[in-house]
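First comes one chain, alone, set out as structure tokens in the form predicted on its own.
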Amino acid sequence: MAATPHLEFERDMVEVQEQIDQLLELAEKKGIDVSRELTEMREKLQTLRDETYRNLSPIDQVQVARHPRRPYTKDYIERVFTDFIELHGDRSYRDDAAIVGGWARLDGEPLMLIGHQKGRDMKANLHRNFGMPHPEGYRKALRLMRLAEKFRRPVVTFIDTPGAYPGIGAEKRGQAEAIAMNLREMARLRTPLVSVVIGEGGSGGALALGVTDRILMLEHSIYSVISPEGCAAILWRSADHRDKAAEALKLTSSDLHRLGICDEVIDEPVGGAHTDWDGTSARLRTTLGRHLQELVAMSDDERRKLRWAKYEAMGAWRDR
């Protein structure tokens, strides 16, 4: 894996890590024993990392959720699932690379897996459209969900997108209609549905894969109707107020769990998922397996009834 870029609030940790690297280089060149100093420096780094990630602000969480080294859908496919067979196309227009999907197995059990996919470099991001699906991407996703329903298999979706692509071509081909169709059909599918927010869950582009029986979120993921920058531009006429917007939007996993939107928060290794792909994948596999086991044990009618009740309860309010 390539060197991990650091975020603004990680500057102190980067400085300590550089000191550790310099010590190791010195020990190799001079042949001296620096084990005691290394132990002290590594303990300092671990303490600093623990304190930093325990006290992240909402806008810091946004930065972690968007980290360029954070695992994407295909990275989890390689580590959590087996026997993945990718399926392509919406059978109407074309295949949208911003959404990947296909059959896979989790602990030997078959399921349909669908997720947003970003790229690691400019070429890949252009191919994946920066993880922003066109309407044909959402139609492909719905086609695969219906296929899973036909064969009575669960559906797992991974959410990681800034939002649906807002281009003229996408709008001409029915972007809003495609998203609305997914919302309606997911609400009544007769098969278990689980969604996991693995990075950035933005607006209707995320919700089009998110009307599920269980909504799980990785600890440093975010889920919101609009980005902090977009919200700040509307309310304060400047993206400079994104810190206040991130606080007001209540977009972190802990906020959404407290509000009853998210069913469970999956802890990430200290330092974020981008520092330990395998550790994050192991925690994801365990949590996913538990929720799927619970949902498969229910009848179709019971599961759909609970799904409807879940979404009807969201956004409840009362006069004082």
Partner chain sequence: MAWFRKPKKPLKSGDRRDLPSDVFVKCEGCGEILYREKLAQNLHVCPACGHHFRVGVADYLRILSDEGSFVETETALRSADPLEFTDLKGYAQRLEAAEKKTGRGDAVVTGRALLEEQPIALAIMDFSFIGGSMGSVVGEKIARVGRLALEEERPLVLVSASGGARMMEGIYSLMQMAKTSAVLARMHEAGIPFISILTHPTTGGVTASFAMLGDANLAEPGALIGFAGPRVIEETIKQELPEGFQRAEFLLTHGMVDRVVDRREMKETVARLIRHMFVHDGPGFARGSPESSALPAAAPGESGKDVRG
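Positions refer to the first chain, counted from 1. Everything quoted here is computed from the prediction, not taken from an experiment.
What follows is about the form predicted together with the partner chain, which we do not show.
Contact check for Lys150: no non-hydrogen atom falls within 4.5 Å of the partner chain in the predicted bound form. Although the partner is absent here, Leu259 sits close enough that one of its heavy atoms falls within 4.5 Å of the partner chain in the predicted bound form.
Using a 4.5 angstroms threshold between heavy atoms, Arg237 counts as touching the partner chain in the predicted bound form.
Interface membership of Cys231, defined by any non-hydrogen atom within 4.5 Å of the partner chain in the predicted bound form, is confirmed. Interface residue among Arg79, Arg188, His127, His88 relative to the partner chain in the predicted bound form, by the heavy atom within 4.5 Å criterion: Arg188. Site annotation in the predicted bound form: the residue of Lys74, Arg120, Arg94, Arg184 reaching within 4.5 Å of the partner chain with a heavy atom is Arg184. Proximity of Phe84, Leu292 and Val296 to the partner chain in the predicted bound form is absent: no residue of the three has a non-hydrogen atom within 4.5 angstroms. Note that among 24 to 32, 259 to 267, 57 to 65, 272 to 280, the stretch whose heavy atoms approach the partner chain to within 4.5 Å in the predicted bound form is 259 to 267.
Along 156 to 182, these residues reach a heavy atom to within 4.5 Å of the partner chain in the predicted bound form: Ala164, Tyr165, Pro166, Gly167, Ile168, Glu171, Lys172, Arg173, Gly174, Gln175, Ala176, Glu177, Ile179, Ala180, Met181.
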